[in-house]
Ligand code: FPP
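The chain that follows stands alone, in the form predicted on its own, written as structure tokens.
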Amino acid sequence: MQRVEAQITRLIQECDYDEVTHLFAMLQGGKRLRAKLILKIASKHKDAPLLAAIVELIHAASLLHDDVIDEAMTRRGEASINATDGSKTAVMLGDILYSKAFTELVAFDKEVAQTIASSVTALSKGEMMDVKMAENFNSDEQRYLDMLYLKTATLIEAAAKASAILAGKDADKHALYGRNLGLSFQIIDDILDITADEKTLGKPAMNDYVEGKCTLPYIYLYEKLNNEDKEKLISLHAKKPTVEELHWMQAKMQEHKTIEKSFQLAQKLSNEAKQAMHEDESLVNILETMIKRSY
């Protein structure tokens, strides 16, 4: 990871603009999940740290744009770039990170480069789908999972697949692993948005629903409610609930076990990924650590 961080620092410095260096230093590093995945899969390849750095720049760029779209004032418990320096600056910084990542990516083997590049197109499409879906209450589980795959899982899938290609390993198995890791990771995040406290989250609890995001626990809840309660749930969509309304939603989720059902899907996806990578203990450990983040 030190080599990855060194590559990231080099790429930012090569942008040759103090403002970019300053703003990028304000971004919180995060879990570096995608980078760690690449290093584990292609541990012996000399270009693995550079590929990991490229993917982390792409991920950082997507988060910058995501915060602007969501008008999010915090990111990982700290003020977001759009909060401190404005949305225009955040968008431009994201554009610079994307561009620098692609400048470096073209030096890789064509199949590796295409795998990462195509995932960025999918990621952007997923972001657009997410915004459109937030306009109205969504009760379609498959539609939500399709969006989740594009917005979150596709870059993790691409990181796993591209590093497998780099290392001469089974690309399809690693792609399945990355896809399921990404999906289950985000489902756990959706659960934590409801079950974790504000200090842990770095944002208000149940904030997804306030932003118009109908995650799995809400979709499963809608399926279980009577018509009157369905109308109440829809009426609270994309609005800041009162304490009473918040408690009502939480109580109904407990009653109908929608958190548990969401977790079961995350567990199922995780188990499929474990099965694909059962011979690689380090990759299995990533899945187990991810699942343990839950409630």
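What you see is a predicted model; the values in this text were computed from it and never measured. When you see a residue number, it is the position in the sequence shown, counting from 1.
Another form exists, predicted in complex with the ligand; not displayed. Remarks below refer to it.
- Residues placing heavy atoms within 4.5 Å of the ligand in the model of the complex fall in a single listed stretch, namely 116-124, out of 159-167, 80-88, 116-124, 174-182.
- A residue is said to contact a partner when one of its heavy atoms sits within 4.5 Å of a partner heavy atom; Leu63 meets this definition for the ligand in the model of the complex.
- The closest non-hydrogen atom of Glu56 lies beyond 4.5 Å of the ligand in the model of the complex.
- Shown alone here, Ile234 lies farther than 4.5 Å from the ligand in the model of the complex, counting heavy atoms only.
- The closest heavy atom approach of Ile69 to the ligand in the model of the complex falls within 4.5 Å.
- For the options Tyr220, Phe108, Tyr98, Tyr149, the residue carrying a heavy atom within 4.5 angstroms of the ligand in the model of the complex is Tyr98.
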